[in-house]
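Form predicted alone, single chain, as structure tokens, below.
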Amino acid sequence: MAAERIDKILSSQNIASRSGVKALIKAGKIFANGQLVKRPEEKYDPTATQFTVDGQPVTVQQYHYIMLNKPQGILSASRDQHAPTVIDLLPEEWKRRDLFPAGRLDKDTEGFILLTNDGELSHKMLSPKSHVYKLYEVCCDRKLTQEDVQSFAEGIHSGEQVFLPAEMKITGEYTALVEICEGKFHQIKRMFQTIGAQVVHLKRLKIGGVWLDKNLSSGAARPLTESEITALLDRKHGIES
């Protein structure tokens, strides 16, 4: 792995901001391979260097997993010249060049989106063969019925497009929870269009076994815990789970 500045390496691990890392270096609290780090611009291979901060060892994580509560109006992309992206919402110290959104949410859809640099996990999470379910909160423009629930359970056909069976739970006259294990283009909206309803609001609440943190305000982000990272590929499903 290419060598990087010590302040960039440690800030990416949420040790402190880059200015905070500089302050720790000035205080003589950071060592690399047993040697005192004297300047923030000193470079190291993050995967081949043993770091200690204030006497505590730091294990540099190769992969990063960040939960973002995406607001409406934000693109699910790493970068765009004309509109703000999910990466733009991150704190400066988290804006690693290799982070990308694992899957996408439409520009007008909000909720849980995973930002990571782990391509293998992203592929597994998004593949229908993995049966990783995603849960959405839906509001549409007409009253929902048990016939709609049955249509989703049987699988929706839209022209030549076939959507796998999905679970729907009606939560109000115009609202429902819907769980799917696919991620086709505009899938939820197209499924509702097929039954004669237009989606007016859509929010993703859960991926695999990981729920959107209720304490995470719109536009805010936090790293996943170790148990949450493992639960991302959880195949258990059911709206009540």
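This one's a predicted model, so the numbers in the text were calculated from it and none came from an experiment. Throughout, we count residues from 1 along the sequence that is shown.
Below, we turn to the form predicted together with ligand URA, even though it does not appear here.
With ligand URA left out of view, the stretch that reaches within 4.5 Å of it through heavy atoms in the predicted complex is, among 151-159, 104-112, 80-88, 125-133, 104-112.
Taking non-hydrogen atoms only, Leu202 approaches ligand URA to within 4.5 angstroms in the predicted complex.
Using a 4.5 angstroms limit between non-hydrogen atoms, Val37 is distant from ligand URA in the predicted complex. Although the partner is absent here, Lys26 sits far enough away that none of its heavy atoms falls within 4.5 Å of ligand URA in the predicted complex. Though the partner is left out of this view, Asn69 does not reach within 4.5 Å of ligand URA in the predicted complex, counting heavy atoms only. When ligand URA is considered in the predicted complex, only one residue from Val210, Val60, Ile188, Ala197 comes within 4.5 Å through any heavy atom, namely Ile188.
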